[in-house]
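Coming up, as structure tokens: structure 1 and structure 2, two forms of one and the same protein chain.
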Structure 1
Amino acid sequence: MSQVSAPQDGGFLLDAEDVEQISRAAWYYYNDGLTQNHIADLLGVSRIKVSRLLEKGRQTGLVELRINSPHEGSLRLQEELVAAFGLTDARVVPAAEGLPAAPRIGRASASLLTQGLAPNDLLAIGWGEAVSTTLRYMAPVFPQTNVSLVSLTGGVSAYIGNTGLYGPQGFAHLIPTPLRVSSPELAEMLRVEPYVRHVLDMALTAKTALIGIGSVARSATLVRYGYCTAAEIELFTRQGAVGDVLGYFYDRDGQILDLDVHRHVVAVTPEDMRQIPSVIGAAAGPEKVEAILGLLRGRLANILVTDEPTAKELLRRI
């Protein structure tokens, strides 16, 4: 159960002065249409620095490109997904061969959440790369809107450092345990531990949840983080698993399997998660298709963020 560190690149941290300069530069550049040279004069820095400020702004999500239209990628595909799976909403990012899917999905979910969250809302988060990437892009949004985070599963703190979000104090309520522990007894003890219990309960009061959708590929994030071995995944697959949510494996109809491993998990159950009105599942890629299909068939999420090829494949296999 060794827990390797994230294979991602480091976090992006901004101090107050950065934020001020980036915001100012971004305003001049994007809204006023000034050249970087002109901005450099206004800010009293070199032109190249302006270029870097803008770059940093985009990278961190401080500067967000918002497309005021549901047409991101394809309105048609979005509508078809909603109709086909009885969803509340869907986002489909445009196709782009060769580009890594994770950050693209992350941006899309971040944008969806930024629009959907009201000030002081509570956002419940699951486990996975999609969640991690989304949070990174949302980092600048939290301090502004005063949105709090609460985790649906253990193991979240292992990667939340990547996102540039600070500590568990204040606005992040994270379950301070791994996602999976070595024995059912320990898992049970942790679940009834007051603070853990408290966070689990609180998570269910959120109006919005963001969850990753795990595939049962040998390259699954669960494996890469050391939560499962490839052999276990292999075994679960033979028992009918097509994917996982919150560490629980389900079959092609979205029914949670009766697996031993589930008794080792410290997390809200998918069944309890149904109490949350908006559950956003985010995933893309050919290896995720089966997992997404199962999740949607089982109505374990009602909003989907994915990309164009994946959406097409989902609709084909309906």
Structure 2
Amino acid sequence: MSQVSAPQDGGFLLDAEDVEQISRAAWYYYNDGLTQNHIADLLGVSRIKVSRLLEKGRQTGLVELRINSPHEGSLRLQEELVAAFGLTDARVVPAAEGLPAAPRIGRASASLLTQGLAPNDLLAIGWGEAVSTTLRYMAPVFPQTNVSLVSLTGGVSAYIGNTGLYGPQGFAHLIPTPLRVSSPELAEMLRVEPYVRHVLDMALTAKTALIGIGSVARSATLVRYGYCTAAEIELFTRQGAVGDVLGYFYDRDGQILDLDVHRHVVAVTPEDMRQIPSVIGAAAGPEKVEAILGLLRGRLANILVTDEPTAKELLRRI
């Protein structure tokens, strides 16, 4: 059985099962705020066992103020996702019935970014609820690390005000347009306008990007914000769309469809986004499975943050 050496306990060794259980218990306790009794029920162990797992995590350095394992959540599922879809990394949040997915995915994405971003880095951000939720958890980090933000699309200012980031700060470079405008001619004019062009070009210099994965459900974020109607979403679905990234709709193989709506979008194109070395797609839920599958098949992201039920369904559908 493979073993992981813990960094702070004089040669103390944890096997893979230990790492898995400690990571799950720590996630539930520190990130989800569950009681040890609740965690014991989820893991099928005693409350005393949970207490010992948390203590062992602290003693070995696996757990500090955050979950310090590179395998937060489910190690086995993360490894299977990486292997199945050719990813460079993955994070799988442990299943917890009754807890909403969005804040848990946001916390996982924020943890991944906090560990990966260096001081003075540039983080490119896309459109969507997952991005907005992640940024809320990261709001205190940016001033401390001097990490700057740059938007991949217009329209980000519509929701970034809810994150605590929007305002006089100089570290957020946002495209000052809607995501979708009224005509292809206007979209083209805006794309070549000097400041917009500057932000679009800057986004492609980032080493890391965080993007949402849009579904084609009637409740999709694009519909809620008024960028698409439910009737349009139904039409795009009939034309083969399973999801969208940066406002561009793609099919089950991740190929961008030839839709007129794309000529109205002010955003970095998915093809240009491939220049960014690490593109993190964040999403979970049964309504997102088809969209995530298409995104991964099309290599539109190389890192995935999701939850355990979604990960299992993705692997079942290969």
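In this text the structure is predicted, and so the values were computed from the model without any measurement. What we label the rigid core is the largest C-alpha set whose atoms superpose within 1.5 Å from one form to the other. Counting starts at 1 and follows the sequence of structure 1.
- Here the chain taken from the form predicted in complex with the DNA appears as structure 1, while structure 2 comes from elsewhere.
- Relative to the superposed core, L34 shifts its CA atom by 2 Å or more between the two structures.
- For L300, a C-alpha deviation below 2 angstroms is recorded between the two structures after rigid-core alignment.
- In this core superposition, I22 moves its Cα by 26.8 Å between the two structures.
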